[in-house]
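Below, in structure tokens: the form predicted on its own, a single chain.
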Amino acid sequence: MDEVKLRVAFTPPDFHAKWNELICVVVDVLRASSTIVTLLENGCQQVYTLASASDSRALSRKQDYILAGERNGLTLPGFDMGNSPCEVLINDVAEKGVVLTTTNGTRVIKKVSGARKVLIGCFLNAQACCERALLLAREYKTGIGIICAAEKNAFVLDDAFCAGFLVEEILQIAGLNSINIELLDSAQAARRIYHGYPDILSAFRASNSGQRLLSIGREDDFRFCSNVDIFTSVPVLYQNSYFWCESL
């Protein structure tokens, strides 16, 4: 394989059938991606991501899993926790299963679940995720697609900015390992968005998602999600069903 083609879907409708041949990285940086990564980093055995709140409740009851989720940023009634990495840190999730449902991220995961491999990426695990995506792309002799969860199928700045950061990270890792990367137009655009802001918090603050998070009193998550490479866990979708951390 001479080079790895890298592309970005800024909204879920940009993902179509040919993307199923790719190694796909789902980005919902505020907050589903960050929550899933934090869960697995803190010893959670597996994370089931479901689009429906009722299906999530049913699976949680059946398997005695922790029930987590939100709609429009707010914790769903009767759930054990919201879609919050900071809540994960203060709850005992080690050796347990978690069912997670969110407004955008878990719906997008279902949409892309037929891809060669589906990974979860964010700032928290950026380097580890990009290294794994490149390894898998070369193993499967295919390209990489970064899919932004967006908001109800509409473009959001925070995901696009994070996608651009991951593009930059992939380029740096590839350069160190003599891997040729072809940036398709969408990846070039994401990279430019990333370079358009002085830092992560500035991009978050400029985004509607970031403003909403602050408006509901979750500055803790707002700031925590901006941490870079503090975790090494890379969630991988298994049997189109749940995320876990595969051994390298």
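As the structure is a prediction and not an experimental result, all values here were calculated from the model. Just count from 1 along the sequence shown to find any residue number.
Note that the form predicted in complex with ligand MLT isn't included here; everything after this is about it.
Report task. Heavy atom within 4.5 Å of ligand MLT in the predicted bound form: which of 127, 91, 103, 142 fits that? Just give me the one. Result -> By the 4.5 Å criterion, the partner-contacting residue is 103.
Query raised in the report: Though ligand MLT is not shown, can you say which of 37, 190, 68, 30 has a heavy atom within 4.5 Å of it in the predicted bound form?
Result: In short, 30.
**Report entry** Stretch from 69-77, 113-121, 174-182, 128-136 whose residues place a heavy atom within 4.5 Å of ligand MLT in the predicted bound form
**Finding:** That would be stretch 69-77.
Query raised in the report: Is there a heavy atom of residue 205 lying 4.5 Å or less from a heavy atom of ligand MLT in the predicted bound form?
Result: Judged by the heavy-atom cut-off of 4.5 Å, residue 205 is well away from ligand MLT in the predicted bound form.
Query raised in the report: Would residue 57 sit within 4.5 Å of ligand MLT in the predicted bound form, counting heavy atoms only?
Result: Contact with ligand MLT, no.
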